[in-house]
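Form predicted alone, single chain, as structure tokens, below.
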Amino acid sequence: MTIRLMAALAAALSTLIFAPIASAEDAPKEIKIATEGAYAPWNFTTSDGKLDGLEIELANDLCARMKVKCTIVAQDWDGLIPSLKVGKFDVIMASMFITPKRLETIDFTQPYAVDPSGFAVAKDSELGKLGMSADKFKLDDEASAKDAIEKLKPLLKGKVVGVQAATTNLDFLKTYFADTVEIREYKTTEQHDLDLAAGRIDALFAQRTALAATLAKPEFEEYTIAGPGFVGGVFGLGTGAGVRKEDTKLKEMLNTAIDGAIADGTIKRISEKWVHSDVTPVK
């Protein structure tokens, strides 16, 4: 074998060895997005079995911006993160808060919404008589948040409060109200709504926009959102799209699309349509 031929073979082999291969870093052409499908008006399942809501409309908008074919599927809340990790789908858009605990196992885009959580109670209850406050307390500001929480405790003492299990709303109640109320956990918000309507619990704790959708139903005309809203702390940075840690290119694409949806007012328009308030994150 001549030296020239050997050099040519070596060059060819080197090209094969170091040529780029398809990986998680490649821009995807098709993705699957999971949502709970049971958290109206953010995401829900219609009577004919279709998914709809704020996050469904936003997901379709983001996919169009990324020029990616998307399939949106429903997944039980407690299976969202485990199923993402094993590759059952590629993205979570299910009103999931970005928290340090969740960031230990998955990654998130920047927030696409910031929505305070609060209480829904009977209008004739001690807290209900005060009505809803426009105040939003950041739990990271410990002094002011603690003062607001301490003022709520005597108004809620002994009440049974319904909350969805495995959520930051549950974390909030356990952290700040475990010595004041009886916390009752539910797999879905639909289940705790039914118990409130039946009088089996006294209050709900959830995102204010979700509570507003619940209380708009005729059976809840005697209930109201009351007290201040809470953000930050256990609620993290806001609501974002969950992705696997290795899917950095997909995260980058989603962030660019979210930037566009914030800049041109799409998130404002969609959120005002579905939850009657602007939940656009402040950049």
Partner chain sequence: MIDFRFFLEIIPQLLAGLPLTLELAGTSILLGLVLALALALAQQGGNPLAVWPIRLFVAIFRGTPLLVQIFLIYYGLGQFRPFLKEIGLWWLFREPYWCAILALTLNTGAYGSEILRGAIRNVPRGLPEAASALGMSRLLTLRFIVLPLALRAAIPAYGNEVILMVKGTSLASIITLMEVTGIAQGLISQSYRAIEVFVAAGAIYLVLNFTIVRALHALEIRLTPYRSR
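Residue numbers count along the first chain shown, from 1. The structure presented is a predicted model; accordingly, all values stated were derived computationally and were not measured.
Separately, the form predicted together with the partner chain exists; it is not shown, and the next lines address it.
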Although the partner isn't part of this model, could you tell me whether residue 154 comes within 4.5 Å of the partner chain in the predicted bound form, counting any heavy atom of the residue?
no
Just checking whether residue 199 would be counted as a contact of the partner chain in the predicted bound form - the rule being heavy atoms within 4.5 angstroms.
yes
Even though the partner chain is not shown here, does residue 105 get within 4.5 Å of it in the predicted bound form, heavy atoms only?
yes
Classify residue 78 as contacting or not contacting the partner chain in the predicted bound form by the rule of any non-hydrogen atom within 4.5 angstroms, answering yes or no.
yes
Select, from the options 144 to 152, 124 to 132, 178 to 186, 111 to 119, the stretch whose residues sit within 4.5 angstroms of the partner chain in the predicted bound form by heavy atom distance.
178 to 186
Each of 82, 191 and 194 having a non-hydrogen atom within 4.5 Å of the partner chain in the predicted bound form: is that the case here?
yes
